[in-house]
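A single chain comes next, written as C-alpha cells; it is the form predicted on its own.
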C-alpha cells in the first residue's frame, strides 16, 4: 500500500505540479525593436509559456524565412498589409479563430476589415506605422517639405534611408508624381535614375535603428518609420518631424498564424495578452508607433500624444498611401533595388 501511495505522489509531482511550467512554447517571428522584453517576460511568468522570439528587418525577409522553414517552425508572425495579401495567395497563413481572442474588439473600427483582409480572416492589426522625414534643425535650416528636397547636393553623405525596397522605391515614384505602387517599366526606370541621384546623399540604409545615425551625429536628414523618429526626437529636441507633401507611406503590421503552426493555443493566448489595453500601452510607450487599440487611448502619456512622430494626426493617415501587393512586378522591384544598393 505504501508503495502505491509513493507512486501516486510521484505521478502528481511529475504531472500536476509542473503543469504551469510545462504549458508549452510559442515560436514568434517579429520585427526587431517591436515588443519590450518586459512584456515577453511578464507573459511567460503569467502563463508558463516559453516564448522563442526571432526577428526580421523587412517583409521580404519574413517571407523568405517562412518559405524556407519547415512548416510548424513558427507559430505567430507580424507581416504588414501587402504581405498578408501575398501570403494568403501563396497559402502560407492559417485562418484565425477570433473566438479564442477575447480582446480583439479592442481594435479600433477604422483599422478593421481593410482591403488586404476584408473579413480579418487571416489577420488582426497590431500597430500602424508611417514614414516621416526627420531633419536636424541645429545643422540644416533649409525648407524641406518634399522628397524632392532631399536631392540637394549639399546633403551629400548626410541622409539615412530605410533598408526597405518598397518604401524607398515608392518614395522615388511619389517624388516623380507616380503612385507609390506603380509597376510601369518606364516609371520604374525614372525611379531608378532619381534614386541614383539621391544615393550620392545617402550615408546608410537602415531599418533596424536609423535613429542611431542622428543620436551619434552621423546624419542630419532621414526617412524612417515614425516610432524611430519619435524616440530620436525625445532625445534630441532639435529634430523636426516632417510629413512629406507627397503623402506618407502607411504600414499596418498584423498578428497572423503561419501555415502549419504547431502551438496555436499558445499563439492565441499571446495575441489576447498583447491586446490588453495596459499591455499595449507598455508597448506603445516604448516603441511609439501609431496606436490602433482603442481601449489603450485613455492610458497614453502626454509625451506620446504630443510627439508629432508618435501620435500621427488623422489627416496625415487619411492622405497617406498603403503599400500594395504588386504581384509578379515585385521581380522588377527586386532588380531595381539590387542596382541601387
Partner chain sequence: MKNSNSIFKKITTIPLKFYAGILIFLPLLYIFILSFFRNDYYGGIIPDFTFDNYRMLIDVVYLKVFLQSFLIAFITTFICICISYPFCLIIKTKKETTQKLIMTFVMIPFLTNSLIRTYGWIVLLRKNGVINQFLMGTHLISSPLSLMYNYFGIVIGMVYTLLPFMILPLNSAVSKLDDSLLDASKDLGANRLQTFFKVVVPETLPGLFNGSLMVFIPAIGLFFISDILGGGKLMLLGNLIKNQFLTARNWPFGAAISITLIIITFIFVKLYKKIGGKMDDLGGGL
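Not measured: the values here are computed from a predicted model. Residue numbers count along the first chain shown, from 1.
Another form exists, predicted together with the partner chain; not displayed. Remarks below refer to it.
Contact with the partner chain in the predicted complex, judged as any non-hydrogen atom within 4.5 angstroms, is confined among 264-272, 112-120, 180-188, 205-213 to 205-213. Under a 4.5 angstroms non-hydrogen atom cutoff, the partner chain in the predicted complex has residue 330 among its neighbouring residues.
By the criterion of a heavy atom within 4.5 Å, residue 218 is counted among the residues contacting the partner chain in the predicted complex. In the predicted complex, none of the heavy atoms of residue 172 sits within 4.5 Å of a heavy atom of the partner chain. Taking the partner from the other structure, the partner chain in the predicted complex has no heavy atom within 4.5 Å of any heavy atom of residue 298. Candidate site formed by 86, 325 and 339: every one of these residues places a non-hydrogen atom within 4.5 angstroms of the partner chain in the predicted complex. Taking 311, 47, 294, 58 one by one, only a single residue has any non-hydrogen atom within 4.5 Å of the partner chain in the predicted complex, and it is 58. A heavy atom within 4.5 Å of the partner chain in the predicted complex is found for one listed residue only; from 243, 82, 147, 225, this is 82. Heavy atoms closer than or equal to 4.5 Å to the partner chain in the predicted complex belong, across 58-77, to the residues 58, 60, 61, 63, 64, 67, 68, ordered by sequence position.
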